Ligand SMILES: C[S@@+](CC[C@H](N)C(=O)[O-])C[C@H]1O[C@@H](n2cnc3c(N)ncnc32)[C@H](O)[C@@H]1O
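The form predicted on its own is given below as one chain in structure tokens.
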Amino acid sequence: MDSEKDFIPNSPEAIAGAWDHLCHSYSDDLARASKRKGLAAIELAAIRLELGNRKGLRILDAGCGPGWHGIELALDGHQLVMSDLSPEMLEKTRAAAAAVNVQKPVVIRQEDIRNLPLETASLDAVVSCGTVVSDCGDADAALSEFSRLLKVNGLAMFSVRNLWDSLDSQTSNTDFDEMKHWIESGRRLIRQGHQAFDWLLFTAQGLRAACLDATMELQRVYPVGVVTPPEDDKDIPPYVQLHIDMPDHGPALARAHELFAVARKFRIEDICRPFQPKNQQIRGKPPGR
């Protein structure tokens, strides 16, 4: 179809059509010094820091876009499954993988991150950058899928739109009145941010709640885009390091353009075990005495 308006908002078709339309401009931003490239570099640095020196991990890049993060992780020695709904984005990913000869450890698939045909507990990590979780139409479904696919103690690392930064920036926006003023479970506010999909805006506390609902424990939140990004590639490394070293609380989180979450998959029984009654009999005393 010719227009995004031909699709139901938040449907796979609408999301795919929107990102097909945005594909070239988004990819161009990642190829030059820009706000998007600066934010992506912070996300990648955080992922590498959390993965440490481990190699050969099986990682899903959920909503991979043109493949910027996933291909870098493949070059680090990991096995990547890269999924996206946009055919145009996936063509960019295939070209990028071929350019650096990492086709072998990379599997590229057109799939919806809210419903992925991958085996349960088959992944060591899931990454999802560029606020894909906020923009996928159903963040809870995406996080539940990440949790299902992760091995116990596996990591989900993903970025979301920051509620407080958005509220601050939108007060001068003429479209501010279009915001839907309701908050689900006290943790996130939703507004129509695009014809094709809603924007879900999170707080750090909301991230913790959303992760717990998906059987994951929030380990850390990196503030992303607190200060103006550099206009020259040589200035990106210190810009990235500034954010990596920044504390994950207070003013830094309030001013961040994005919040980059690191969550660990746990088992319900690990949480419940300490509260289960012990059936051990006290020595020398019969039960009930």
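From a predicted model like this one, the values you see are computed outputs, not experimental measurements. One rule holds for the numbers: they count along the sequence shown, beginning at 1.
Keep in mind the form predicted in complex with the ligand is missing from the figure; the text below concerns it.
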Contact stretch among 127-135, 100-108, 143-151, 204-212 - heavy atom within 4.5 Å of the ligand in the predicted complex: 127-135
So in the predicted complex, does Leu85 come within 4.5 Å of the ligand, heavy atom to heavy atom? yes
With the partner left out of view, is Arg36 within 4.5 angstroms of the ligand in the predicted complex by any non-hydrogen atom? yes
Applying a 4.5 Å heavy atom distance criterion, does Ile113 contact the ligand in the predicted complex? yes
At 4.5 Å between heavy atoms, is Pro223 in contact with the ligand in the predicted complex? no
Taking Ala41, Ile71 and Lys92 as a possible spot, do all three reach the ligand in the predicted complex with a heavy atom inside 4.5 Å? no
Residue among Val240, Leu30, Ile47, Leu253 with a heavy atom within 4.5 Å of the ligand in the predicted complex: Leu30
Which residues within 16-31 place at least one heavy atom within 4.5 Å of the ligand in the predicted complex? Trp19, Tyr26, Leu30
